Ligand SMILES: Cc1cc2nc3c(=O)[nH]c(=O)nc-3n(C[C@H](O)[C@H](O)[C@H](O)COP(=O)(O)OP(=O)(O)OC[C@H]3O[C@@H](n4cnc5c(N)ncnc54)[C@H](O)[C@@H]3O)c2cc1C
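In the form predicted on its own, a lone chain appears below as structure tokens.
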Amino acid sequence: MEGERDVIVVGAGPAGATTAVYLAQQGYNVLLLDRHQFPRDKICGDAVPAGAIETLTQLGMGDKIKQAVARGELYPLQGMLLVSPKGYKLEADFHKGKAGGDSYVAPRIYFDAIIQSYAIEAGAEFRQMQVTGPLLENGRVVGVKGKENGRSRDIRAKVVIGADGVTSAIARALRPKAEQHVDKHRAVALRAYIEGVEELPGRVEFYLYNEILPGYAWIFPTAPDRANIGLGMRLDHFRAKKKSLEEMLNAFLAMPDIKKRLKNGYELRDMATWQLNFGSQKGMQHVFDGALLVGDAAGFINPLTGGGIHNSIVSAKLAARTVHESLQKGDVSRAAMQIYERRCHNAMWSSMKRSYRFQTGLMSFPFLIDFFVKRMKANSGLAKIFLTKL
């Protein structure tokens, strides 16, 4: 029987690995679990805003990030292009973060490995394990259960942090089905990598057009002639379309303004779909007796942009603070850790609410998008959300 850990973090993506860094740096015995070895791909648009980079730099990852940029793994961004249904364009420059950090297109095979490896350097133990759910005693989480090297295994911990993404085994077990996200607070998206496309150097592109609203298509450059390309829609609207995401992506590529940028023999690879849970649904529970949720497992995804990495890192910092306080007091009950929900609400709710209003209001009416994109400037509310909540 293994000894009890202070903390088990389930999922080694940005939310989980960042939480592990914070707690390991404070001297806690942290076990970081993921079903994959690293590096590994993760389906995503890959855009990471400056605020997230600055938080990671403050944690000590600045040199790792600079080295990844020098290797060409992370692509620096200078700005964005937003295109309305009738083709009106808004261009805006990204401002550096408060500490001078840049935004990047950061393919997750590289970006996640930076944080995961740093968590190990900070003192967390990493193991590959398929976690199937929390270990419960009298309704309280006391560890995790799963399979490791083909064998069933239970591992105990004082606190479990669910960071295992939108399909989180921890969240599904602890949140009743009636309290899961509903379709209007969820989205579905498709991502591919394209080789042989004329990119706009240093700029991410967002296309808001009739067939996909209230969603968008994107082109995020990763290198000269290469990009992350895809599209996403709110789930209830997608179900009504009766078209596959692949058909919709092909239609986007066939648009005249996009088609003329495709080079002969262009290639799509690593096409994949995923779902997202927005942070705009009220009353979601993120704290339980002995456990809490962070990142995509909690549903901290911006409902307008679909971006989740920045909020994942914000939630990681708040979760680590809450767990530290609770462990110091020797009380990891829901009552003791419920302050985490209030902290997340204070840090993210106003932005989530504003983004959801844009999505359900403005984004549902193409003529309004045309009107505002034609007239607005880079400091407008819509532009700011896309600039800061990638």
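Residue numbers run from 1 along the displayed sequence. Note that this is a predicted model, so its numbers are computed, not measured.
Same protein, other form: the form predicted together with this ligand, not shown, and the subject of what follows.
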This ligand in the predicted complex: contacted by all of 82, 279 and 351, heavy atom 4.5 Å: no
Go through 341-349, 318-326, 27-35, 54-62 and give me the stretch that gets within 4.5 Å of this ligand in the predicted complex, heavy atoms only. 27-35
Just checking whether residue 163 would be counted as a contact of this ligand in the predicted complex - the rule being heavy atoms within 4.5 angstroms. yes
Can you tell me if residue 336 lies within 4.5 angstroms of this ligand in the predicted complex, counting non-hydrogen atoms only? no
Is there a heavy atom of residue 217 no more than 4.5 Å from a heavy atom of this ligand in the predicted complex? no
Residue 197: heavy atom within 4.5 Å of this ligand in the predicted complex? no
78, 117, 275, 285: which sits within 4.5 Å of this ligand in the predicted complex by any heavy atom? 275
Determine the residues of 9-33 with a heavy atom within 4.5 Å of this ligand in the predicted complex and present them in sequence order; the list may be empty. 10, 11, 12, 13, 14, 15, 16, 33
